[in-house]
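Listed next as structure tokens is one chain, alone, in the form predicted alone.
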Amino acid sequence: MGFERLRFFNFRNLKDRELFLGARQVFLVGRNGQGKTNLLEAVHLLSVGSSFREKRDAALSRDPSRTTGLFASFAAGGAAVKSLSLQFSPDHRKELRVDEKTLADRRGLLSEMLCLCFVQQDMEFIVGSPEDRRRFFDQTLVLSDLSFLDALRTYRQVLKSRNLCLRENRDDVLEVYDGQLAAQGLILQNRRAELVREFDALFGALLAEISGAEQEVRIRYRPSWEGLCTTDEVMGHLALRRERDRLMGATTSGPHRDLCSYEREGREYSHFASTGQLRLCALALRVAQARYLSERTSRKPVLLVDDVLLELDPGKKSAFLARFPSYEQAFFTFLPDEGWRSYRTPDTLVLEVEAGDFREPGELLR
């Protein structure tokens, strides 16, 4: 079923209220700047514990001097209905709850549901910084297996400690951190390499079908520790680079320096592809991610689709929708004249959005 009820107060520009959803598809229709994306962001926060467009929680509050709250009831795959809540206090404290049980962090929330969003920023997975490109695959791995999140967090903490030792010339403990960095880093490297191998064929075929291109775009993963397979080999590599690392005051090799690229016929795709082609590439990535995660976790996702269909021509739009992944519930945003009526089904709730408020066509929601 997905989200059945959603309540919010002091959140973005949305008027304080409760919405009754209870539909497999929810269409949010309105002009730009009215609050459509803000509602998607609220759903994402309750599903994942973080925003897909804002790093600072304080920016989510309409009035920073007041507490901000999001509440929902959710059910997936025939399971019992659960209550979700997320609150931000004026002193920047954040509280997550599932069925009134407080969660230590968002790790516990990720095990409750699967939520993916199709947004304009997804193009950064293709053309963005190396960190942006890695983030997509790390996100996929975290959502498929939470043990990867533990390995990622441990690696980052060890990396931080090693960098501090380099700056302080503390050679007495540096070798200990080298061993820990090598062990955790190889876990990340091996899991990323395995994922890209599995993901590559699925993504390439999808993009070719949606775009109509004859040549597939391939994903290439280039690990910083390429060719190094054991902890001892990595520790030897780190020892050889120690003086360089010390001069830089930072660890200059490891999974935090891995590269992911998208290539067609051996060339970097972003160097010659049009904006439209890159947008299709980002859409295919998300569809492939949803299919991969559904197969791995046996869960259907909640999908948030924010204005990504707007710039597609009718042929590409039809090809994309024909390959849209299976889902528990999907939220779509549309402009009023975008032709959304042709996508409506008997199980679609349409909400008109204006100035942060929501109306069913011709009738204010109670």
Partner chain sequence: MNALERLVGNLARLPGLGKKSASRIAYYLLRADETLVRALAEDLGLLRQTIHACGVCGAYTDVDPCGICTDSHRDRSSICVVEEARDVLTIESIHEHRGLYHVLMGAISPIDGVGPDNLRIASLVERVSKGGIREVILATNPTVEGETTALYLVKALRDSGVPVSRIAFGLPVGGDLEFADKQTLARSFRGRNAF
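Numbering follows the first chain given and starts at 1. Because the structure is a prediction, the values reported are computed rather than measured.
Below, we turn to the form predicted together with the partner chain, even though it does not appear here.
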Exercise. The partner chain isn't shown here, but in the predicted bound form, which of 80-88, 264-272, 283-291, 151-159 has heavy atoms within 4.5 Å of it?
Worked result: 151-159
Exercise. So which of Phe137, Tyr177, Trp225, Tyr221 gets a non-hydrogen atom within 4.5 Å of the partner chain in the predicted bound form?
Worked result: Tyr177
For this session: Tell me, out of Val142, Ala239, Val173, Ile187, which residue has a non-hydrogen atom within 4.5 angstroms of the partner chain in the predicted bound form.
Result: Val173
For this session: Consider Cys165 of the chain shown here, and say whether it contacts the partner chain in the predicted bound form, taking contact as heavy atoms within 4.5 Å.
Result: yes
